[in-house]
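The chain below stands alone and is given as structure tokens, in the form predicted alone.
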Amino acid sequence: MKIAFFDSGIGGLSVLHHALKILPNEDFIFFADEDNVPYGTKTREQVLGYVEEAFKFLIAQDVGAIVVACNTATSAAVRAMRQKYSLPIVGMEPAIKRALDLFPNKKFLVTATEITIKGEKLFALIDRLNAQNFAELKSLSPLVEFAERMEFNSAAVENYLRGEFAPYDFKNFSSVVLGCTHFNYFKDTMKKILPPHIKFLDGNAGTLNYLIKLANLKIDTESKKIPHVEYFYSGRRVTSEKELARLEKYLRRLDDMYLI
């Protein structure tokens, strides 16, 4: 099956990166909307328009399923896309349930972009899981732009995160939920700043597990097959050696972040 992974930028590569490890027998398209990144600072109406254009393009590529590997786009547009298209569409969900399951009755910090933090979808999830007394919410939207510049552990990134985390007494927290796929690139910098007991949780595995169930796929962690991936920036196929090398650098960094 040809599966599309869609994101505002390169954050969704973290979801594709996991798919490459467990679904090597599938073909993949990765669509980064580089013309309009970041989504987190846009209006919900703008994001919905961007997602509609991306879906039109991806449907024309004859994909069998679409993973919206972007929490912001999921919050703003997945419901509308499911009403419009019949193929399997899988969105992202912050790993709040996982935080509750792993650390019962412990507080955790949900980090995401502004749209996700303020979105009805996140509050509905918190209510559904009865997590109101444990989840604290924090927007870290500038991390998206840092990631797009491949600036992961500079002094500017570290100072920004120290300032944003300063109000929290992390002795009382179990984990940080990474509610934006761009945030996976910063696990090492966050680890440097935060106490050693803090765990980092994302929704990548849960998203792919749902895709596997919905599209009737089979996990294969033994295969030596190298999956075929086509990359697109806002509908333009990526063919230049420079850009393909850039994407490969992101994937190699994700190899390092995978174990944190």
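So that there is no doubt, residue numbering starts at 1 and follows the sequence shown. Fair warning: this is a prediction, and the values are worked out from it, not measured in the lab.
Missing here is the form predicted in complex with ligand DGL; even so, the following discussion is about that form.
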Exercise. Does A76 reach ligand DGL in the model of the complex if we count a contact as any heavy atom within 4.5 Å?
Worked result: no
Exercise. Using heavy atoms and a 4.5 Å limit, would one call V144 a contact residue for ligand DGL in the model of the complex?
Worked result: yes
For this session: Give a yes/no on whether I29 approaches ligand DGL to within 4.5 Å in the model of the complex, heavy atoms considered.
Result: no
For this session: Would you please decide whether L208 lies within 4.5 angstroms of ligand DGL in the model of the complex, comparing each non-hydrogen atom pair?
Result: no
Seminar exercise, completed: Within 4.5 Å of ligand DGL in the model of the complex by heavy atoms, the stretch out of 226-234, 189-197, 56-64, 32-40 is 32-40
For this session: Would you mind checking 169-187 for residues with a heavy atom within 4.5 Å of ligand DGL in the model of the complex?
Result: G179, C180, T181, H182
